[in-house]
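So this first bit is one chain, no partners, the form predicted on its own, shown in structure tokens.
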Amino acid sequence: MLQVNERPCDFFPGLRLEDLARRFKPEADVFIVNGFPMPPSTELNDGDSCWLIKRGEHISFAEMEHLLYARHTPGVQGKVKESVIGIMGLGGLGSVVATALARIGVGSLLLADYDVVEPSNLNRQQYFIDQVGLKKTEAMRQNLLRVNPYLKVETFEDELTESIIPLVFKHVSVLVECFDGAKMKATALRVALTLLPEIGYVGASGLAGFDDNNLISTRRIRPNVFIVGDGEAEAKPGQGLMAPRVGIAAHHQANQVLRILLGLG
């Protein structure tokens, strides 16, 4: 048995890539077997995983859905695709969290930020030089739709306050706090505990500098409420916010979102 574009296909001796292309995708001009590009005349072996691709094409919604279900299993992907995730702040944490969640196929992202992309953001945030000056919400939407064009992206571009947060995010499955400042982190956590107790929450505290990777951890402080970080490392002279450690924390956050969606806490 072969896998052809993640779908099962009967195998028989002497079968070549070009035979598969004639049957499944005559327009294909890129052929990949077990992760390696191969010529169309390649003879296949039982158990091979094959991809037939037309260079530059966009895969359809149905193909994207099939890929995600095949990679993640139906039980997992069925829960992920129905989710709505709120992200407060699109800096070094939020931009990475959003990208990771787009890649796993969450149904919808609600992104909140009122800043624009600045040159100083580029050392750790998921933006590009030609996006400097754009609102972060718009730049992030552009980038996410390149990752997954079928993702639903909503944005909120005003400043978040203690009274506004529960109104904007009242319908999300999980809320992710990605603020830079300690004051807004405290505000967001207070809102989550008092006004949004039924919603999963993932915050962050302590991720600056270049200290040991393994000091970054995920701690549960209440049922369905988690804080990621080392709890101490704040940005200061000689200890800035840098892509590697911020990225570690952001992926902790994204993985905890997934665990909440799957009921793993």
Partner chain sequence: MKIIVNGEEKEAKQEASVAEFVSTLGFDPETVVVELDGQILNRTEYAERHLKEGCELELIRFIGGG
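Quantities reported herein were computed from a predicted structural model and do not represent experimental measurements. Residue numbers count along the first chain shown, from 1.
Not on display, but discussed next: the form predicted in complex with the partner chain.
Note on the interface: of 216-224, 54-62, 40-48, 22-30, the segment with non-hydrogen atoms within 4.5 angstroms of the partner chain in the predicted bound form is 216-224. Using a 4.5 Å cut-off to the partner chain in the predicted bound form, each of Asp180, Ser205 and Glu234 places a heavy atom inside that distance.
Just one of Arg146, Arg190, Lys152, Arg103 comes within 4.5 Å of the partner chain in the predicted bound form, counting any heavy atom, and that one is Arg190. With the partner removed from view, the residue among His72, Lys81, Arg141, Lys185 that has a non-hydrogen atom within 4.5 Å of the partner chain in the predicted bound form turns out to be Lys185. Although the partner is absent here, Leu93 lies within 4.5 Å of the partner chain in the predicted bound form, judged by heavy atoms.
Using a 4.5 Å cutoff between non-hydrogen atoms, Leu241 counts as a contact of the partner chain in the predicted bound form. Thr194 belongs to the set of residues with a heavy atom inside 4.5 Å of the partner chain in the predicted bound form.
In the predicted bound form, the partner chain lies within 4.5 angstroms of a heavy atom of only one residue of 117-144, namely Arg124.
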